[in-house]
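Presented below, as structure tokens, is a lone chain in the form predicted on its own.
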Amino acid sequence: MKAEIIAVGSELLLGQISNTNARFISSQLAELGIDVYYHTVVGDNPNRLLDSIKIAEERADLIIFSGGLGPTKDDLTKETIAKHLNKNLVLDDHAIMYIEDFFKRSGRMMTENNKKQALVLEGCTVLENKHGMAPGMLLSTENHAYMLLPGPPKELEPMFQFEAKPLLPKLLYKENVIMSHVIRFYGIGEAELETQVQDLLDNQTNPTLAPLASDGEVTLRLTAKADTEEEAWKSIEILQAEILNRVGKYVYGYNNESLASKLRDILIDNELTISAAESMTAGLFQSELAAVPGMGVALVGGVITYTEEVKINQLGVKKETIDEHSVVSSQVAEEMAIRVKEKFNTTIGVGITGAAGPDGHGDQPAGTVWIGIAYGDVAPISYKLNLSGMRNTNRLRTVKFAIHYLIRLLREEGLSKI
């Protein structure tokens, strides 16, 4: 099954914004076993868009459009597709009600052109937009499927994830049931993971196995084809059990889970609370947790202790600890974790200190990081990282490693299963 992504918008061609939508959609399609061979970017011009559609139809079964669904005159994606497919545009009752209600609640006057956003292709499946106004669409013809998505990533990503993606297996694989299952890893590199499962990759038939790496994480996508969902899942379970037997200690979650959402679930399920004292990450750890809905039940608060003075005077780290071991040390990270846990009266305290780069700190080279964790009445534990990326890359990777080590520690304590 082949797909092509067409991003519509002159701002993309002018370099005013990056085409992050194509990257996101491609990664999502890969999890379903759908190959993307071409990314196309076209400006807000109906003739050039029509040319792009005709070319895509020659080489793809599924054509996904992003952008051009807004209220202005240069938003012409659905109009161009409707004309090409000889389809009418009809008003979607749910979409127009949502748009009208939005303007009432915001106290703003609704202009006539906003109604344009509620127009959809006749006969399509409407994809609800819960984060904006313009709905998406999925339309099947005899030879192709056309998916139309809004341009803003904050609208496109949840719409694809929760509205569009579940429809694709049944739409594109009509003869059999196709089921995909993603295993998510952290703390192991793509090359090492592939080595551990190389024989499974070499001998795969059904289910198939595909590795994918992104943002420091690695995933394995298991895709099975069968007559029923039960049969497909049974074959996936057999392969998954073999994978977990080899590299299970690096697994943190499945499918749409993230490191932060997995930690949230463990914390809430066990009625645990967490606080953090951050030096080099300067609040990024807490920000990553707070980005996950529902984290407020577990995340109590924290402090940014960027300087030695703040570590000592505000957090309570002993000056002798810093003088004896240096600020970038396991001892300081552990003491930071203990003090923040006490300060906020939480069951878990996290302390992060390090040299993000480009310069080192004292005799500690750039990329040296210590993550301290204080949990319950257990003695604090610390983890050392030796990172080699750019400054902000090191900070972001530190946050993910901190969450990874927390998940692993709580799992070792019997508070979570893989």
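Note that residue numbering follows the sequence shown and begins at 1. A quick note: this is a predicted structure, and the numbers were derived from the prediction, not measured. C-alpha atoms forming the largest set that superposes within 1.5 Å between two forms make up the rigid core.
The form predicted together with another copy of the chain is left out here; the points below concern that form.
Another copy of the chain in the predicted complex is not approached by W233, whose heavy atoms all lie more than 4.5 angstroms from it. Another copy of the chain is not shown here, but in the predicted complex it comes within 4.5 Å of a heavy atom of V42.
Using a 4.5 angstroms limit between non-hydrogen atoms, T281 touches another copy of the chain in the predicted complex. Not displayed here, another copy of the chain is kept clear of T368 by more than 4.5 Å at the level of heavy atoms in the predicted complex. In the predicted complex, every residue of the candidate spot (G296, Y306 and N392) has a heavy atom lying within 4.5 Å of another copy of the chain. Checking 283-291, 329-337, 86-94, 240-248 against another copy of the chain in the predicted complex, the stretch whose residues place heavy atoms within 4.5 Å of it is 283-291.
Residues of 34-61 lying near another copy of the chain in the predicted complex, listed in sequence order, are V36, Y37, Y38, H39, T40, V41, V42, G43, R48, D51, S52, I55, R59, the criterion being any heavy atom within 4.5 Å. The two forms, fitted on the rigid core, differ between this form and the one not shown by 2 Å or more at the CA of K154. For A60, the Cα coordinates differ by 2 angstroms or more between this form and the one not shown after the core has been superposed. In the core-superposed comparison between this form and the one not shown, A356 has its Cα shifted by less than 2 Å. Relative to this conformation, a decrease of 3 Å or more in the Cα-Cα distance between K225 and Q28 is found in the predicted complex.
Between A226 and Q28, the Cα spacing is smaller in the predicted complex than in the shown form, differing by no less than 3 Å.
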